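Below you'll find only one chain, the form predicted on its own, shown as structure tokens.
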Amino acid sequence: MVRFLARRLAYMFIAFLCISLVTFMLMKMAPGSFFNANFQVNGVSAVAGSYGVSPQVMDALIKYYHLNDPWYVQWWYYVHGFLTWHMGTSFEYPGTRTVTIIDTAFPFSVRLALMAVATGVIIAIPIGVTAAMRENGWMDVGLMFFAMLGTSLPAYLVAVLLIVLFALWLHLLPVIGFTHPQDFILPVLSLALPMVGALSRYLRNSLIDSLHSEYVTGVIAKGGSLSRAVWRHALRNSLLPMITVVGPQLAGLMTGTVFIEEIFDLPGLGHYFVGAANVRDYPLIMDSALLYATVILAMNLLVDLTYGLFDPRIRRAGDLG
């Protein structure tokens, strides 16, 4: 276990550095910048005039953000600040450290993602179990058709359809707001419904394999019902492939609620990330991207560790990789 964790943590750190470097390069290659991409050519005075500050203030800002330093110094400035949790100050929000924005906005995105994953799992389990118990029947075909249809629809399109149905036509749910429980129904469903298809299909296929195994056949031969064999024996083993999907899904939702937060005007980190990308707020872009990368890497590790909780064969083998 110790060797496994040490190996995985080393891989995660290397991946983290690679992601940070690629993000930094792409950010710098994007046209335009908050302080003018060519301030070295135009001169500090010209840029200072365009932003309505003195050349001394602009020169201090350039030095503070290391914009005149070599690229590797700038890159390490962001990486070191994130690793030590001493992040820089946002361009767009002067005087506000990016860690303050993250501390305020990211928990909201996490709560939204957790609610969406929980809703998706709750809906997907009965769908997958029902389809597996009626393998190749009309209900199995129908449920998997709608599951495939849901998987092919992006979350923002599902959000638009839900808004049209429940807000514009039926006038049952609000579109904008985040203070009351009903305000979260449409955003959560918009994120949960696309993942229901993938989760239910993974569970259905895994459960069918378990139902054809010898231990389930033995349970039924001893007089147990199919429902008892499914819920008491087969379902536990069939959850492993579903866990493989849930972990990345949760990480993806934590880091990919951008469109939903924009559509429903929710104050999550995705909302700030879009604004930062539009105005080239380098500190907020880098710190948000590094946080997203860390969450995804950590969730993948957590999925591997969770395998041992559900499969005793993995615990006995002592190898989670």
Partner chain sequence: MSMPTLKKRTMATLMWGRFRRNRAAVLGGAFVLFLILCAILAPVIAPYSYMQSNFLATYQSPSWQHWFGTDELGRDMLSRLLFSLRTASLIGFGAEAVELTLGLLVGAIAGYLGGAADTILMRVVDVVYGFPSLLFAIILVVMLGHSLFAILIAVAATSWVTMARIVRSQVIVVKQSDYIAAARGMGANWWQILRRYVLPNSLGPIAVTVTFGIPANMMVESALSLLGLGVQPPTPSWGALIANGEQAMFSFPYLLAFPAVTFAMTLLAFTFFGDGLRNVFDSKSMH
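Positions refer to the first chain, counted from 1. Quick caveat: nothing in here was measured; it's all calculated off a predicted structure.
This next part talks about the form predicted in complex with its partner chain, which is not shown.
- Across the proposed site, 6, 127 and 129 without exception lack any heavy atom within 4.5 Å of its partner chain in the model of the complex.
- A single residue from the set 139, 114, 122, 148 has any heavy atom within 4.5 angstroms of its partner chain in the model of the complex; that residue is 148.
- Residue 175 is the only one of 175, 118, 83, 240 with a heavy atom lying within 4.5 Å of its partner chain in the model of the complex.
- Not displayed here, its partner chain is kept clear of residue 73 by more than 4.5 Å at the level of heavy atoms in the model of the complex.
- Although the partner is absent here, residue 154 lies within 4.5 Å of its partner chain in the model of the complex, judged by heavy atoms.
- In the model of the complex, residue 23 approaches its partner chain with a heavy atom inside 4.5 Å.
- In the model of the complex, its partner chain sits within 4.5 Å of a heavy atom of residue 201.
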